[in-house]
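Here you get one chain, nothing else, as structure tokens; it is the form predicted alone.
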């Protein structure tokens, strides 16, 4: 009963971030991202990002590097609005992300965390985890976008290769050692 009460409390928490009344769906996204004078604080005393200006063209790759704790993950977490900026604005294809429905925004963004977690199952199932009804074509497109398709095709069972949690990297190294 105590677990149910806690579950009920959590389910009734009002989110800090929500859709504006006139929020729009993203359609035909190209992928241009722009930060304009973005600042973010976790609390009143701890400024993590200050006056960040960054433009990333559609299809462009950018590496964000630096020591632990300087705000790299926070910067990336602002794009899908896991947090809202304190000052400034972030745009995707010239649309302020605050004007986009959260569900639509997050469905159009792929995120790879620092600690990658693989679920027990096939490579295909792991790729489709973000979109359970993904077609074979979408799965292959995602793998190619991540530069993983060629590697996957080198595996004996390709996309049907079974992996356990964190097991793929060991298999990959082992298979390449003996080629």
Ligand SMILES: Nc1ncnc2c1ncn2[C@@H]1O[C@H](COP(=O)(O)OP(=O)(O)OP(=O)(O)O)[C@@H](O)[C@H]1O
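Bear in mind that the values here come from a model prediction, so they are computed numbers and not experimental data. Numbering follows the first chain given and starts at 1.
The protein also exists as the form predicted together with the named molecule; that form is not presented, and the subsequent description refers to it.
- Tell me, please, which stretch of 132 to 140, 65 to 73, 25 to 33, 145 to 153 lies within 4.5 angstroms of the named molecule in the model of the complex when heavy atoms are compared? Flagged stretch: 65 to 73.
- Message: Even though the partner isn't displayed, in the model of the complex is residue 42 close enough to the named molecule, meaning a heavy atom within 4.5 Å?
- Response: Taking the distances in the model of the complex, the answer for residue 42 is yes, it comes within 4.5 Å of the named molecule.
- Does residue 82 make contact with the named molecule in the model of the complex, using a 4.5 Å heavy atom cut-off? Looking in the model of the complex, residue contacts with the named molecule do not include residue 82, since no heavy atom lies within 4.5 Å.
- Is residue 48 close enough to touch the named molecule in the model of the complex, meaning at least one heavy atom pair within 4.5 Å? Residue-level check for residue 48: yes, a contact with the named molecule.
- Item | Residues of stretch 86 to 103 in contact with the named molecule in the model of the complex (4.5 Å, non-hydrogen atom) | Stretch hits: zero.
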